[in-house]
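One chain is shown next in structure tokens, namely the form predicted alone.
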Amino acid sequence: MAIVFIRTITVFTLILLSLRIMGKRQLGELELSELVVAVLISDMAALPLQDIGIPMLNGLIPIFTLLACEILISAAAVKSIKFRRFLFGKPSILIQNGCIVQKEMEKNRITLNELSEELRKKSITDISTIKYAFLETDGSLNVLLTSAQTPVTAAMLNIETEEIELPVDVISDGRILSDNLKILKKDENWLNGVLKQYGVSSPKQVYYLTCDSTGKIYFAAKDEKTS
């Protein structure tokens, strides 16, 4: 039992590290080579777990080899445009100027139902409002609307606006994040004052509290059942 436990922890840790090295893509956004490596790694990792008679290295060496191949392929793809195009292909234009490009739909084996579904996910129901719809190499659909359908921005109206500042977590589930207080150049005396403003006496009563550089605060108290 101890051997199985140790093997499981070792393989689990190695797979996590491997996928972490591969990058932060979501599963649906993996390129072809990344998907192949991810599937093979999971398959290879299962071998020493299913049969403890198989040496551990027989499962680990293929994982390291696949990971090295993926790193080399990624590096080559970054350096060479031709290699990248050969391996990953290039985006396809499924809609152009409000017209469906039927040739590309057939080439990529995309049905009208699938196209309509992806457009609905983006809250688009009128194809005539689309300037371009790209089927990216990872299988996702990106849409550019016509200029008449593009939302108006402050820049278009020559309106000056303040830049959005990212809020900093100060209290998370009742715990004070001291390092973040230093980022805001605040101290616990300031925090205690903020808590009094919201009618609480202890950080343990706070579920979530953030503050940005402009001083804007978001406060959420803990529910009574969880406090």
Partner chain sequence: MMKKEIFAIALLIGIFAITLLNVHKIDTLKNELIELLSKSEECVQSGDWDGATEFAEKAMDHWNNANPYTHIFIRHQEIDGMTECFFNLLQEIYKEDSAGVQAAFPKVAMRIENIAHMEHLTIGTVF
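Numbering follows the first chain given and starts at 1. On a predicted model such as this, the values are computed, not experimentally measured, just so you know.
The same protein has a further form, the form predicted together with its partner chain, not shown here; the description that follows concerns it.
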Review point. Just one of 92-100, 133-141, 119-127, 74-82 has heavy atoms within 4.5 Å of its partner chain in the model of the complex; which?
Key: 74-82
Exercise for review: Please run the contact check for residue 222 against its partner chain in the model of the complex: heavy atoms, 4.5 angstroms, yes or no?
Suggested key: no
Practice item. Find out whether any non-hydrogen atom of residue 65 is located within 4.5 angstroms of its partner chain in the model of the complex, and reply yes or no. Key: yes
Practice item. With heavy atoms only and a cut-off of 4.5 Å, decide whether residue 177 touches its partner chain in the model of the complex. Key: no
Practice item. Classify residue 54 as contacting or not contacting its partner chain in the model of the complex by the rule of any non-hydrogen atom within 4.5 angstroms, answering yes or no. Key: yes
Review point. Using a 4.5 Å cut on heavy atoms, which of 46, 159, 164, 61 is close to its partner chain in the model of the complex?
Key: 61
